[in-house]
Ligand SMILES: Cc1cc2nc3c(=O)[nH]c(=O)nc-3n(C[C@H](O)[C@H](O)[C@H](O)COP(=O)(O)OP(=O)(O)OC[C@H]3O[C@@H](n4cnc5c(N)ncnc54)[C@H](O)[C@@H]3O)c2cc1C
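This document opens with one chain alone, in structure tokens, the form predicted alone.
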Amino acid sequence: MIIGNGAAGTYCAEQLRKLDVACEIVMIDDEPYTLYNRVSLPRYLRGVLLEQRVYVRDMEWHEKNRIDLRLETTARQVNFEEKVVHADPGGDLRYDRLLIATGGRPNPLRCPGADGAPYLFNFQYFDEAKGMVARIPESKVAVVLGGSFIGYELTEAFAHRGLETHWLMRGPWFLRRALDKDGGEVVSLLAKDAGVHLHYEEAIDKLERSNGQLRVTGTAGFSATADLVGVGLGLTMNIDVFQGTAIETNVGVRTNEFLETTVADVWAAGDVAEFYDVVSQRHHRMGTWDNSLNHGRHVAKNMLGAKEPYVEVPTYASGMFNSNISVMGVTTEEEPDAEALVEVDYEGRNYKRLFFLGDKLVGAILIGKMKGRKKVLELISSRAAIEDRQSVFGLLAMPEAVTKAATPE
């Protein structure tokens, strides 16, 4: 049984069927949709991807693979001793092995006027993306709050669609816990190149309805009348139903390197899994599509009796306005004690930040040119000792054939 039909849940089900043609697979999810690609939602919002291209699997695929998918169904309670999930609707569903792939839900904007406000959107679910797509043609001004990736994706989409776009961040720059001032400035330059209006150390203090629009008042002097307000304030993991049970939870559901939870015959995967990362040697939670997909495929093997650790450098890669950004491994957001080295080129809009723990490269952020990305991943995953940290920048600038020969043992 699988709770959740996102990337982790669906790709687990797919792999289970490939490895075991006879097993019974039941999957429940509270949304009304089969698997859709959340990575595609920004392109759908920008108007460069048709709605039908967002879907990854349809109901026919589930039926063909004998996967009993029950949509608009919520897990209300789990009895791990009796191996029963109480679903609504559906009642008691018994399982032999269970995967928790419940993901997270967006944190709402909490300020006067936010409850029930029209044209106020998060950006986690397909319905919200559809609502924004319907609203954009009759809009001129958009306001976005959020200094991380959701905030960026909303900002880029609105600017791409020709809206006057104001990007508010509570911190002094984008990804304030992972980037430094130089990295923040490179992102600012890219945003300004795209015509975005930036407002740092600013948040939304209140919303007021005004003639079919929203009057936005900021905490530090910002004000605007907007047709659209987008919010990216992080996610809260869907672990409520497991609290008070034998499942260990923190931010998400804690697992070991095999994606096993603290309860026998129960695994966790995807965004909700706070898994032990054997590369960084710490517990880690990674909210990316690739991580969820890889988790799903990997955990299926262990659910069928294997005992293989999940070994992967967590990565996030995305376009960024007319450039690119890639985050790999551990940054100062997860590990404040990590030491960082920076190389920046404002004119070329290029930035590299490398993170070290002792003599090990444990993470990196690249903005602009992605040359050297593969090499960074190799160095992180190899856990090779690096005596001269500054030399890594030189390695990244070399042609791939040369850097391969120069890899530290």
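Don't overthink the numbering: it's just position in the shown sequence, from 1. This one's a predicted model, so the numbers in the text were calculated from it and none came from an experiment.
Beyond what is shown, the protein has a form predicted in complex with the named molecule; the following relates to that form.
Of the heavy atoms in residue 41, some are within 4.5 Å of the named molecule in the predicted bound form. Shown alone here, residue 124 lies within 4.5 Å of the named molecule in the predicted bound form, counting heavy atoms only. Contact check for residue 153: a non-hydrogen atom falls within 4.5 Å of the named molecule in the predicted bound form.
The named molecule is not drawn, but in the predicted bound form it has no heavy atom within 4.5 Å of residue 139. Out of the listed residues 73, 213, 294, 280, 73 is the one that sits within 4.5 Å of the named molecule in the predicted bound form by at least one heavy atom. Of the residues 208, 265, 290, 205, just one reaches the named molecule in the predicted bound form with a heavy atom at 4.5 Å or closer; this is 290. The partner is not drawn, yet in the predicted bound form one stretch among 145-153, 197-205, 248-256, 224-232 has residues with heavy atoms inside 4.5 Å of the named molecule: 145-153. Contacts between stretch 222-259 and the named molecule, counted in the predicted bound form as any heavy atom lying within 4.5 Å, involve 238, 241, listed in sequence order.
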